[in-house]
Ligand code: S3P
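Presented as structure tokens, the chain that follows is alone, the form predicted alone.
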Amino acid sequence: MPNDILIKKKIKPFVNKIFVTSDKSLSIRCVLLASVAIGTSKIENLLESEDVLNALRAVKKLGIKYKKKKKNYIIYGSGLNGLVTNSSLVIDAGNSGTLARLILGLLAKTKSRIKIIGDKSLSKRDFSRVVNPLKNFGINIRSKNGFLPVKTYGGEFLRPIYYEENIGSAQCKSAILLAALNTAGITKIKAKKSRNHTELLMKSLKIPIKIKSTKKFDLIELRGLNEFEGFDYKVPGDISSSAFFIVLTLLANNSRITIKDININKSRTGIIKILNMMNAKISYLNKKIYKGEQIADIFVESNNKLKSINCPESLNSSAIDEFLVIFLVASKAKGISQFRNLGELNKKESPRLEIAIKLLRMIGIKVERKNNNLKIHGKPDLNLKGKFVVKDYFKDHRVFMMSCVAALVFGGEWKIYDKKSINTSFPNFIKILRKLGAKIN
């Protein structure tokens, strides 16, 4: 089958309610924690994307049994330090930085040599941010120049650590917390604000974890060597997947959408705060709390009077995966939007900052760049007529989806390559676009 799509027409006005894909971050964390719980866990609505399926394959290699029963995954946990490992085991994390980094923490006390590998894109991403703190526990772990493959031999006598996490990496913080589960004593982390799914999930499992929040940092303490029981968990919808439909609706004509049952954890809703500052009218309906996570329906309607933003740097970490589509809104907003210190975008599945600048300039948007700071000159009357080709972007799923949204709201004829990249996180993305009336060949 062809691995490219063709979009020739803007999307027509629509009014609809949709469900998007399940939260990928929570899906992977549920698989990993269920594997070291005592007894059986039932995970409902687990995302069946390549990244999550790779997590299931990984724990299966480590001796964990699981089965799918209707819409649920049943995972039979081994308890702490109960993972079975053969010598020279290789675990392929594919494209998932979350899986590759978090599983290194889970393997803190293994007694066999395990090698973590990934695809070409993941192999270019920085792993020193987890390897270095894990070494402090006494774990035998190595990587060449801070990249994959990473080899870990575990550690027999682990010691608790104090670590200052200054990047704002939830993956780094979570890897430390998973290693701390198998470590006697109290591990302490002073972590720059980032996603807190791991902490909330651990709290719901009665794992002895304490969290004290300040304006810029979270102070976290975890007491190790406490077994926890299997659990039931229904994974909510993913706000990163919702982002594409939020922006599609906002920039389309006379359209409204309700996106059902989305995780609106405050560490993930930077995009909503940013867009509402740009004069969007995005609201939450049917709010509730589920095991520490906030869940709601997201309601969005079109708006042709968007204004530019001087984006607060404090929102960067809570919108880091959504800046690609935020840039599309800035392209249509009145005035000059400013964004600062976005270097972390280049440490994702692709150099997203570089790619975004290239794509915006391709469609006639003036972009000024100084180091990792951007000024985007909006064109409220932007209406494209030419032909555009998007390819050679490291098969990044978010670049593909961003390009689809741009084609459907800005016009022109677009040929977009690497359709299969969406299998990483959002396999039914195109199916939902078609449900809304998008003409995609």
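As the structure is a prediction and not an experimental result, all values here were calculated from the model. Numbers follow the displayed sequence, beginning with 1.
The following text describes the form predicted together with shikimate-3-phosphate (S3P), which does not appear among the structures shown.
Annotated contact segment (heavy atom within 4.5 Å of shikimate-3-phosphate (S3P) in the predicted complex): 318-326, selected among 276-284, 318-326, 183-191, 361-369.
For the options Thr152, Asn265, Ser169, Ser350, the residue carrying a heavy atom within 4.5 angstroms of shikimate-3-phosphate (S3P) in the predicted complex is Ser169. This chain is drawn without shikimate-3-phosphate (S3P); in the predicted complex, the residue among Ser255, Asn95, Thr98, Ser337 with a heavy atom within 4.5 Å of it is Thr98. Contact annotation for Arg129: at least one heavy atom lies within 4.5 Å of shikimate-3-phosphate (S3P) in the predicted complex. For Ser25, a non-hydrogen atom is located within 4.5 Å of shikimate-3-phosphate (S3P) in the predicted complex, even though that partner is not displayed. Residue contact with shikimate-3-phosphate (S3P) in the predicted complex: Arg195 places a heavy atom within 4.5 Å of it. Taking shikimate-3-phosphate (S3P) as positioned in the predicted complex, the only residue of 370-401 that brings a heavy atom within 4.5 Å of it is Arg398.
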